[in-house]
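Below you will find one chain, with nothing else, as structure tokens; this is the form predicted on its own, and questions on how it binds or moves follow later.
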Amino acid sequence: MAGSDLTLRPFLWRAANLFPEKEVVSRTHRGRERYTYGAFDDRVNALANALDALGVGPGARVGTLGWNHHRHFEAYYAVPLMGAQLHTVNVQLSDDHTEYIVNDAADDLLLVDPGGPVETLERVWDDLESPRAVVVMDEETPALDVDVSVHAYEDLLADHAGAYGWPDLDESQPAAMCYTSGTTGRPKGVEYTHKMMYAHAMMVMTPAALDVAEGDVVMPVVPMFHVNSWEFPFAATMIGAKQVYPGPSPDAETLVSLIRDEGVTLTAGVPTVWINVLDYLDEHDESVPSLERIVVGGSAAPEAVMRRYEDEYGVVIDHAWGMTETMSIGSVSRPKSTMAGLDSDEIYAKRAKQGLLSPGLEMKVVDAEAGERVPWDGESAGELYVRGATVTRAYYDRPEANAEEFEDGWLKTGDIVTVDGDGYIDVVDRAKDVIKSGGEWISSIELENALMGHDAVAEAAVVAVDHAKWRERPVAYAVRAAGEDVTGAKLREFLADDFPTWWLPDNVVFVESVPKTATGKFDKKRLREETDDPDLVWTPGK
């Protein structure tokens, strides 16, 4: 006899029935709020009733423009469990990208945060084609110049309290949707089924991946609009862990305060967040005694930052790799049990990589030009291909991209990697970011990490500039640390200790900040556009 389909229903049931006393803490623009999983279950049911009354039914798509807070968390469950699809929209996108994504997805209803997201909605409203209603995730609604009904979230829940009759769902039912960052073109929609989300959350919980435990206090800083917040809202709920949501635009002071006050043990986000937190801890003589682990993704954390967190605060940074197409987490780097005899430098060399592929996935590394697999020798580089139950097999309504980026069930990730003899993935570069100079590859990532290992450098990004002789040459953008006055020549000397001369950036350009994407990654697309400016004069050594 077949078992039940793999849907998100057991996640909500388990938290509500086995851990009804555990807390969910949420920072909103009104302050810090808290309730239990028992109350969470009641509110999820009320939200489903309210959405049903607004015409949301099976197959509908609900868009959200929201930060990390309890109302957004409730939508994570109510929408897919109704048989509808949750489409999280990045609140930091430009207006034209927001307009494109909402229209491309054809969202039927929008859940929107007050403040900036509401302002964005008003600016783009006349160009939106599909939303039939707007719900402001707050206690009241601002005066909105839109031609559909507008509702206050809390009013809706108060008017529609009571149990909802959850339908039986097929595990192949679309449950969520997220768009890629669009750094090389128009963003592409990626749909996740109930089965995919179930499998990925279970994967994330395992010790081989993020090792989420019932006794953890989990604070996902990675935005809820970005790839299901790396699956933490599902994994932490299923396991029964206390959750802390840091709210709109949390700064370092806010994050440290939440960690300290709520006893956070596990958190996650891009490296720039934790570099800023480390600076705050230094400047204010603060500590984070409860914190045990930080999961870092999006780009690699500098080894110097990893060592400082562990040596000074007892916090381990776990490197992870993933993509929108893999539902975020696809690998995590921590030493195997058989590596207990390695010294500190050898351990950090392993942990600095993107690590071992997560359970349930397969991979191969392919030399795109030769069309052949490359050996796992830690030196031979090629493009990483992955497949598995949590990897999408197609983009939403993008047949041309599907033909280019999928091959016989494999996702061509666009990441150039090496894999060592122990199976550890090391991302050398993105295919679009690797620098081809004189027929040889130069890794922008390795140069960036080395530069950020210098005490005088707060941030660094490396991109290619066209060169008549060598085709491309590396150029570095660097942000000086507070009070530092290091020169480009000194940074080149610093790099020369570890890299061949032909790897060294021809120029170092000092800037106030490195531009970032809406998800906190360095925006190399913008930097490359600047290098194409014919009026830009490079001055080596300054």
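One-based numbering along the sequence shown. Note that the structure is predicted; figures quoted are calculated from it, not measured.
What comes next is about the form predicted together with another copy of the chain, which does not appear here.
S.K.: Pick from Ser443, Thr193, Thr324, Thr120: which has a non-hydrogen atom within 4.5 Å of another copy of the chain in the predicted complex?
M.R.: Selected residue: Thr193.
S.K.: Just to confirm, with a 4.5 Å cut-off on non-hydrogen atoms, which of Gly83, Pro233, Gly388, Pro302 contacts another copy of the chain in the predicted complex?
M.R.: Contact check passes for Gly388.
S.K.: Are any of the heavy atoms in Met205 no more than 4.5 Å from a heavy atom of another copy of the chain in the predicted complex?
M.R.: It does: once another copy of the chain is placed as it appears in the predicted complex, Met205 has a heavy atom within 4.5 Å of it.
S.K.: Is the gap between Trp376 and another copy of the chain in the predicted complex 4.5 Å or less for some heavy atom pair?
M.R.: Trp376: contacts another copy of the chain in the predicted complex.
S.K.: Quick one: is Asp367 in contact with another copy of the chain in the predicted complex, heavy atoms, 4.5 Å cut-off?
M.R.: So Asp367 does not count as contacting another copy of the chain.
S.K.: In the predicted complex, is there a heavy atom of another copy of the chain that lies within 4.5 Å of any heavy atom of Gly115, even though the partner is absent here?
M.R.: Output for Gly115 is no: heavy atoms all beyond 4.5 Å of another copy of the chain.
S.K.: Candidate spot Met238, Thr338 and Pro359, all three in 4.5 Å heavy atom range of another copy of the chain in the predicted complex?
M.R.: Result yes, every residue of the spot touches another copy of the chain.
S.K.: So which of 98-106, 446-454, 466-474, 329-337 is the stretch with heavy atoms within 4.5 Å of another copy of the chain in the predicted complex?
M.R.: Residues of 329-337 come within 4.5 Å of the partner.
S.K.: Within 4.5 Å of another copy of the chain in the predicted complex, which residues of 208-232 have a heavy atom? Give them in sequence order, or say none.
M.R.: Ala208, Asp211, Val212, Ala213, Glu214, Gly215, in sequence order.
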